[in-house]
Ligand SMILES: Cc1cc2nc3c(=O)[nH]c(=O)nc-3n(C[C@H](O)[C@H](O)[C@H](O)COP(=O)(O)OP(=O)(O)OC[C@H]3O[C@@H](n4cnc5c(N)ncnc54)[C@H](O)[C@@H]3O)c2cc1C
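One chain is shown next in structure tokens, namely the form predicted alone.
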Amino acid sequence: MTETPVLICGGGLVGLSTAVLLAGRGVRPLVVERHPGTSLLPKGRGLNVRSMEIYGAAGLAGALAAAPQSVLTRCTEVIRARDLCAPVESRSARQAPGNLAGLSPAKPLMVDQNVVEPVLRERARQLGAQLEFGTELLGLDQDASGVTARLLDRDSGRERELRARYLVAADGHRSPVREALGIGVDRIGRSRQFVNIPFRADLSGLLAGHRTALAYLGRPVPDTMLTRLDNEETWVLMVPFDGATAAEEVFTRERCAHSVRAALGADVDVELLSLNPGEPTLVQSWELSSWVARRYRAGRVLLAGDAAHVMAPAGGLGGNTGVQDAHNVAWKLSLVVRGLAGDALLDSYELERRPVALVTRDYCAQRQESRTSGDGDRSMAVDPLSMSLGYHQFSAAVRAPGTSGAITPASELWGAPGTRVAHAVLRGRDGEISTLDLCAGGFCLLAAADGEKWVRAARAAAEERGLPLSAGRLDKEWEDIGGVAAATLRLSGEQALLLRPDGYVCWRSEEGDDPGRALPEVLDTVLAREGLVTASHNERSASDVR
């Protein structure tokens, strides 16, 4: 039977992100995806600043910046009206991200998901991940040591079994894996079925020069939405329907054309398009809902992305939250698979990520309600940037008390345990870097100028455990330009802090701590190493796990 350290079910945004992040840390996973290729639709329209920090550390910033940008980059207006020819009841514009230079080394990108996924696929392939598109997971069984998966090659019809130590289910909101495991979801609000009707039409005359990205319309039925697809003349109309009958049976070609013209309020030339070239189906249904899975882990299976949570589209946080899931689970899985951390470290994934998803779910639902009611985003208590950068993550993998899902304003981040480390610019041997870059290769012990004893203790503890860890002092190994990092991170004298591989602060030293005792205890607790046999760096091979 074929074996793999990690099987990833789902080759979309989150599954491919998980593959890239695992392979980049020396664990080569197998990705199976039932569809023959990546998404043909721009399901997500942008990558927020936190996602770009993650992708930047994975070596993807250049490729994504060079990729074709979304048509929404040039179109920022959101309107509400009965139809596109009727008087506009409300008009607002998507806010620019502003100057992030003091808050992050990255910049958000307006790039569509169907453009992002091929970039991720190629990067995963370069790093050695095995990718099998057109392969469906038929079922799974698990025991104390791993998962046995039954796979189907959809072209040949051949079935086979595969053994994996862990399975990451990134198989979408209908997740067969989640359903098979009997994991329920916690919903808020009511769910509504929508049908997507893609079409091509020149609407420049109806828009009268306005760069409309999204319209909330009252026709053909209330709460209809209209947005652009991938260029100036391709659109998708999203129409609510009861869902009792299959969308393709209800929305015939005639009804689709009638619905589009009713929404436009004019008899214009419309060409109906197929969402899947080569297939006759004109429409695709989806559910606007808000829920979070009640569990993120069941034995050797972990849920990520839409398999774990579904957000309302307002705010664009659904896919980005999934990317952050991938980031969190990948560094933990890589250390567990390589024998550097205990299996219990994976319990921290749910404890950290599920509360963040609950807060994000509620935020997006409120934002969706505000938009559809015509209030725009004026009533939101938390700004989008803080939702992206300021969420707290607490578990046994953070040596401090706190509440996962709490939000700190992005401008007030300073390096408290359980939060993303504040961005500051340092100068290293190869030029300027961000404090976030310090942990790209693993853990990082960052000390103030007089904290040499912490640096020595960190290196000794890492060597004993075979753990990827860098260590250095401000204004010694890393030049603190203008003293900004020390001031921002509140590091002085002999103080030190420990960064996890995801850029989160997991510990800060206290006066009187003994480095030789404190750091080994911190690392062993964070990594759930109780019961693991300590091995030297030479005994633990740094080669890839395949």
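Here the structure is a predicted model, which is why all the values come from computation and not from measurement. Residue numbers run from 1 along the displayed sequence.
Separately, the form predicted together with the named molecule exists; it is not shown, and the next lines address it.
Exactly one listed residue, out of 417, 390, 316, 105, brings a non-hydrogen atom to within 4.5 Å of the named molecule in the model of the complex: 316. The contact with the named molecule in the model of the complex, taken as any heavy atom within 4.5 Å, belongs to 176 out of 146, 468, 176, 384. Stretch 30-38 is the contacting one of 499-507, 513-521, 30-38, 485-493, since its residues have non-hydrogen atoms within 4.5 Å of the named molecule in the model of the complex. Each of 13, 171 and 286 places at least one heavy atom within 4.5 Å of the named molecule in the model of the complex. The named molecule is not drawn, but in the model of the complex it has a heavy atom within 4.5 Å of residue 9. By the criterion of a heavy atom within 4.5 Å, residue 306 is counted among the residues contacting the named molecule in the model of the complex.
Contact annotation: residue 462 falls outside 4.5 Å of the named molecule in the model of the complex, judged by heavy atom distances.
Under a 4.5 angstroms non-hydrogen atom cutoff, the named molecule in the model of the complex lacks residue 362 among its neighbouring residues. With contact defined as any non-hydrogen atom lying within 4.5 angstroms of the named molecule in the model of the complex, the contacting residues in 127-159 are 135, 136, 137, given in sequence order.
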